[in-house]
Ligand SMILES: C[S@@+](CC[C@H](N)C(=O)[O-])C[C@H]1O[C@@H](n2cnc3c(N)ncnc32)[C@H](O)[C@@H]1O
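Here you get one chain, nothing else, as structure tokens; it is the form predicted alone.
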């Protein structure tokens, strides 16, 4: 695994999800803005054993779709945490519009404004790749969880074949990631923070299929809509398409992937 990191932080992520780039991701991925949408959320929830009445804290909740998904389908009590003011305000509006009672906090997920031991589950979907200090994020998850509570998350990761520094720089620079963990890296962080791993899975083939889907949507169906979001900038559209083709190639080669993890706080 490459250990090189880019000087990308919360400020850059806030810019993405407060502007046209975030709108573009929502266009092609839907409100959930993660690989596989509803179906993959359901898989994660079932693997985590989500039950009615449980308190679930979504770290990097973005527009709050994960909180709403769990509340509507599993009758959970939802709490969302995200460092971007725009998406927190949108999360509140959308929860109200859908009749979902939830609370949302504007905060860096490495310094969560919640008491110790208040959660049954800490949840995350394809967003922790934006966080530089992943160890601190997972330690915060452990802190807010009850003993026996679960952490359940998916994330974009370096694949089993590994990325060169140049390959990692290209993906991380385009996506505004400081770096990506690998499957074993996340497993080590979980164990170091007092978790017993229940499952840790690489979803490489499905990940590549979804990137192909998003590329097809941009080039075969939603081109007009995407151009409108980015001010009809054809040059930018072409550059973005090129970066997505590169990501697809890296995913097919086993260098770039998505992981899904469930673990229990001991």
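Every value quoted in this text rests on a predicted model; they were computed, and no experiment measured them. Positions refer to the first chain, counted from 1.
The same protein also exists as the form predicted in complex with the ligand; that form is not shown, yet it is the one meant from here on.
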property: Contact flag, residue 43 vs the ligand in the model of the complex, heavy atom cut 4.5 Å; result: no
property: Contact label in the model of the complex: residue 104 to the ligand, heavy atom within 4.5 Å; result: no
property: 4.5 angstroms heavy atom contact with the ligand in the model of the complex for residue 195; result: no
property: is_contact(residue 126, the ligand) in the model of the complex, heavy atom dist at most 4.5 Å; result: yes
property: Contacting member of 87, 119, 152, 79, with respect to the ligand in the model of the complex [4.5 Å, heavy atom]; result: 87
property: Candidate from 209, 54, 203, 31 lying within 4.5 Å of the ligand in the model of the complex - any heavy atom; result: 31
property: In the model of the complex, segment of 224 to 232, 210 to 218, 195 to 203, 55 to 63 with a heavy atom within 4.5 Å of the ligand; result: 55 to 63
property: Contact test, all of 163, 251 and 256, partner the ligand in the model of the complex, heavy atom 4.5 Å; result: no
property: Those residues of 7 to 21 which, in the model of the complex, come within 4.5 Å of the ligand by heavy atom; result: 10, 13, 17
